[in-house]
Each structure stands twice: as structure tokens, then as C-alpha cells.
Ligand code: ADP
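Take a look at this single chain in C-alpha cells; it is the form predicted on its own.
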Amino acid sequence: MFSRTKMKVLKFGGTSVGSPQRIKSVADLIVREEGNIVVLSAMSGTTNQLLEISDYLVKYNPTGALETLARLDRKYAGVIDELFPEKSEWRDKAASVIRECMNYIADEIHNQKDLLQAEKNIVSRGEIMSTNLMLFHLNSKGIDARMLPALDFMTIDESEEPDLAAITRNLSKLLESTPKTYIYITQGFIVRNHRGEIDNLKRGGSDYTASLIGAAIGADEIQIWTDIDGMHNNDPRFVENTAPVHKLHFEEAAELAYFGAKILHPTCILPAKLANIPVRLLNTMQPEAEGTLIFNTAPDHSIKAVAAKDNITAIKIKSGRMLLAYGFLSRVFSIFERYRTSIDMIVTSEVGVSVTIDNEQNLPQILDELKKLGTITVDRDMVIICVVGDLEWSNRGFEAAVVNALKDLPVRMISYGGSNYNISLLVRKSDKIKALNLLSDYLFNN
């Protein structure tokens, strides 16, 4: 494994590099510390335009695809003018790469062979363009930065899961060939599959790339830079005076991410957790803010944050056959498994079981089969409220505080004890904002 002391992985999302001025600001952040691998997303808006081009191809409308490509070409011409206002070799190199990418996309439009693969090929150009713009901007400032092409080391297996062993081998070879480089630039999101074709990390995207690279090189730290100063203790869209949570256990962060904290995808931090590499969430707009540090240190006996997951459907199966009968739950779960529908919450009693799902695609078929087992009740437009912290059962009073906060609201389900880090409550969509505010007042403001 490649190793360098105090080497960090820095990831910047599309908003962070969404304009020439933002690219310049991020470049200033990058050069503050030596020995970084920098992971970049596509410039904000670019991926949507590339997907629009692909959609025109699927609809057999190459004219629409080419017109969209022309708009994208004009956008990047403006970016180059602003990023490199003077004639220079770096402007020429940047313009050359952008032209190559535009020609590549045009070729995909004209070929119209494998449309599914064409979409992946086209979308990959977004990250390739943003990373080259950053690279040549840094080089123009005299910074020793080099490209680490993600397609040369990021790979997924036949199950579309990252092949960390192969990533580690490939990346180590590339890094060892230029051991004294100041800054490395690479693309987030894009990979090669086991057939060598261009593909992507569907879950977590560039954050996942950063976490995998950090695990592969044994990084000192992984930094995820966004336009938010870390994970907040509640949703600032619905609750006033929320505050960043400065320290979280990996499990706490994963629970918050799964149940609604959009700043992070729950999958993306798993490689860092397993490699015991801390992840720090930072704000490109407020680079001096402390942000949130996520690590494996033991929780500190407190409730940390609240999140909400929308578009939940609750299903109750009531059956006298369940009483003292083994195998009943197995039959219930097998139905959801057969229709590839995951369950978020589950509570049981002697004669019934309630579950929640967030995907109704196969709900009619699921209900048809469940009706063979018992009487079915369905509640739609529900929301899971997730309270996260050190909720080990021996920490007396924590679960009581959560329930007391919502004593004046109807609660459909409560799930406690399945995790040491989470209490989940199911409420009506119409009660969501009130529930979030009541929990903030009761848990954090008193």
C-alpha cells in the first residue's frame, strides 16, 4: 500500500467548483496543506446537461442532443475565458481538453450504438472536464499538481461493488511513479467495470470515491467539502437556530445519512469506517468553520441530532395465526424480499406486525400476497423521525425524553433497541415540521 505521512483526501462537490470563481477559491483551499489527493465532481449543472443529451439519444433525437451539446460548449468556452483570461500554454491545454471532451460526446451522439453505455460514457466527461480545469489552473499558478485519472485505478466488480483490493494495487502503482508530487487531482464518481467499460459509483458518487481512496492509501483524514458547515442537529429548512454537530461516531453519521441528512450518503463512509480513517465535513463558503468530524471514537452519552425521512408507507398485517406460530415473520419478510422492497422500520405484537417501506413500486403485488396471511391496513404519507445519539439502553431517560417531546402528537410506530444509536418514530406528513421543532426545543434548546 502506498503510504505518505499526513496525506489527506479532499473531495469537493459540484457546487464547490460550480463557477470559475469557485474553482479559484477551491484552489486556494487545496494548496493550504501539502500531500493531498483532491477528488472533484463535475461543475454544477453539467451532469444534468449531459443526462439531457443522453435522454435525446434514447428518444432517437440526435438534433436535440447536438443542440444541448452546443449550449454546453458555449458554457465551457466562457469558463475558460474567465479562468484563463490571458493567452498561455495552460489556457491552450485547458481548451484542448474541453474540445476533446466535446468531440468525444459528439462521436457518441453520431454512433448511437449501445445507448446505455453511451450515457455512461457521456456523463463521465463532466468530471474529466472539471478536474482538468482545476489541474491547469493550479499549474498556471506554479503549483506542482498532477492528474490521477480515475479510470486508471477505480474499478467495480461483477456485482457493481468497488473492488478495493484492485483499487489499492492500481492506485499504489500510480502514486509510486510520482512520489514527490505536491497535489494529485482525480475524478469522483466514475470507474471502470469488470469488463473495462466506463461505469460509475451509483451510491454516494464522489464522496464514495474519496472514502475508497482514503482506505486504499491509509489516509490521515478524508475531508468532504460542501456548501454546508457539517451535519446539523436538525433540518435547517424547517427548524430555526440549528447548529452543526462537531463530533459524530460513524454509526451515528450513517443513521443520520440514511434517515434524511442529505449532506452525506450512508454507503460512502463505510470504507473509511472499516479503515478507521476520520471523515471531516467542511464548508467551502466558510472554510474556517469547525464542521463535523466523524470517527470511531466511543459516543459521549448525549443525543446528537434529528433527521426525517419522507414518503413512507406503513403496512400492518394482523393475523390470529401469528399467535405462538413460528415462521410467520419469515413468510412476511419473504414477500418483501421477492419484490426487492426494503423495510425501514418494524414493530411486532402477539397478533400483528407493522413495517414501513419507502418504495411503492411493487406495493399492489405485495399487498395481494400479504392478504393471504392476514388483514392488511395501509397508511400513506408518513414520515420517519430519527433521533440519533448514544442511545445504549443503559443510558436511562434518553428514550423517555424523545417520547415526552412528542407527547401531544399522534405517533404511529416507535422503534427502539434495534440500534444503540437511533430511536425512530413514525408520524403523519402533516405533523413532520411540528415534530422536528418539538424535538429541537425539548432535546437541544432547554
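Counting begins at 1, following the sequence as shown. Here, rigid core means the biggest group of C-alpha atoms that superpose within 1.5 Å across both forms. What you see is a predicted model, and the numbers here were worked out from it, not measured in a lab.
Just so you know, the form predicted in complex with ligand ADP exists too; it's not on screen, but the next bit is about it.
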Would you mind picking out the stretch of 77-85, 327-335, 347-355, 229-237 that comes within 4.5 angstroms of ligand ADP in the predicted bound form, counting non-hydrogen atoms?
229-237
So in the predicted bound form, does any heavy atom of residue 18 sit within 4.5 Å of ligand ADP?
no
So in the predicted bound form, is ligand ADP close enough to residue 156 to count as touching (4.5 Å, heavy atoms)?
no
Flag residue 262 as yes or no: does it have a non-hydrogen atom within 4.5 angstroms of any non-hydrogen atom of ligand ADP in the predicted bound form?
yes
Even though ligand ADP is not shown here, does residue 225 get within 4.5 Å of it in the predicted bound form, heavy atoms only?
yes
Within 9-33, which residues come within 4.5 Å of ligand ADP in the predicted bound form, counting heavy atoms only?
11, 13, 14, 15
After a core superposition, would you say residue 65 shifts its C-alpha by at least 2 Å between the shown form and the other one?
no
Core-aligned, is the CA shift for residue 53 between the shown form and the other one 2 angstroms or more?
no
Using a superposition on the rigid core, decide whether the Cα position of residue 308 changes by 2 angstroms or more between the shown form and the other one.
yes
